[in-house]
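Next up is one chain by itself, shown in structure tokens, the form predicted on its own.
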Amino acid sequence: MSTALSVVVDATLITLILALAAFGLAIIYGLVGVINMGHGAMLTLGAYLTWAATTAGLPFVISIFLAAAGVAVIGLLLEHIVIRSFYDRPFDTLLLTWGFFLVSTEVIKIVFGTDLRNVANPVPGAFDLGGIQIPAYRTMIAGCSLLLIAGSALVFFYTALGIKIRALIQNREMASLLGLDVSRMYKLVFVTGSFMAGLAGALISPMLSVDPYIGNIFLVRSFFVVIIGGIGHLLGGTLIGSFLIGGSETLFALFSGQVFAQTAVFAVAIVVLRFRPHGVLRSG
């Protein structure tokens, strides 16, 4: 019984943490169609900016929001200078954001070096649940992930801003004819996705050693999450995709090594996409 409960808890925590890491990509790729290969770099920047802020003596909560805001500013500059001219050319955005990833990684190495950095855990310890020790900070991150996704879904579906964004996604030309500022809305979506990516990197930083490639751990998984869940489905798609990737990896890891578990998860993802090429929540 305790083993089953432990698996359920681990799978739930990993699912929600992965959902947090993938959410910024789900916003940018799912809503405006930009294949953001720089997503991993944005996560990394969020982690490093959090480390810098906490090292300077700022409280952790202030540090994570400053880090997320810093990444949002970088995303704003990237969108305004480069991306805004290529929204109708997805392959070009892939190459441009990959270039952003390469440049950002080298800049991080120059500014921060390649040594491992550590962000102190703001909520140390664990609590007992049926004889299972659950890390307090991971639980807090899982809760934050759920709140962020649910809050964003409420904005997307129940506010005037959300209606404008959905109108833009469904028919860009008609939305423009009706007076919607298309370029402004695209910019807002891209900056919001960048903010969420930076916030995810900031929140994840106490869980891992911070290095120039920390975001790469989540990049491929994030793409699988968004595609498997269904592009454009912010809440249900992100959670379902995260469960299929993160949760199934937990299950496979029970019976095999971590490397085989990851390989098996990607194989499962390929099989799912074979039969549901538009994602679990999209009919085609």
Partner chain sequence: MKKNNSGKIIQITRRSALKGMATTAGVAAVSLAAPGIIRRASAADPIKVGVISPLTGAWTVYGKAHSAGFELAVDEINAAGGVLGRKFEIILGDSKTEPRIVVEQANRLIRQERVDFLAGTFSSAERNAAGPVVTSANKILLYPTFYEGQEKEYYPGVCNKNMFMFGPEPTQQVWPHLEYMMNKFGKKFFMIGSDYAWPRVTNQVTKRRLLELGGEVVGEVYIPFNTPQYESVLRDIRASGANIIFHTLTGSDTVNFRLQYTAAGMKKDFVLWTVDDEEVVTSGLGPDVSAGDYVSFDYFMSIENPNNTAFLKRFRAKFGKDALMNTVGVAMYNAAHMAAMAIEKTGEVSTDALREGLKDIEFENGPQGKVRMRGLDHQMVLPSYLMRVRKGWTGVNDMFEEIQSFPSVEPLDARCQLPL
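From a predicted model like this one, the values you see are computed outputs, not experimental measurements. Residue numbers count along the first chain shown, from 1.
What follows is about the form predicted in complex with its partner chain, which we do not show.
- Residues with any non-hydrogen atom within 4.5 angstroms of its partner chain in the model of the complex fall in just one of 217 to 225, 39 to 47, 65 to 73, 52 to 60: 217 to 225.
- The single contact residue among Leu77, Leu129, Ala126, Met140, judged by any heavy atom lying within 4.5 Å of its partner chain in the model of the complex, is Ala126.
- Interface residue among Cys144, Val189, Ala153, Met207, judged by heavy atoms within 4.5 Å of its partner chain in the model of the complex: Met207.
- With a 4.5 Å cutoff on heavy atoms, Ser183 does not count as touching its partner chain in the model of the complex; it lies far away.
- Contact check for Ala253: a non-hydrogen atom falls within 4.5 Å of its partner chain in the model of the complex.
- None of the heavy atoms of Leu20 is located within 4.5 Å of its partner chain in the model of the complex.
- The closest non-hydrogen atom of Gly162 lies beyond 4.5 Å of its partner chain in the model of the complex.
- Of the residues in 260 to 274, only Gln262 comes within 4.5 Å of its partner chain in the model of the complex through at least one heavy atom.
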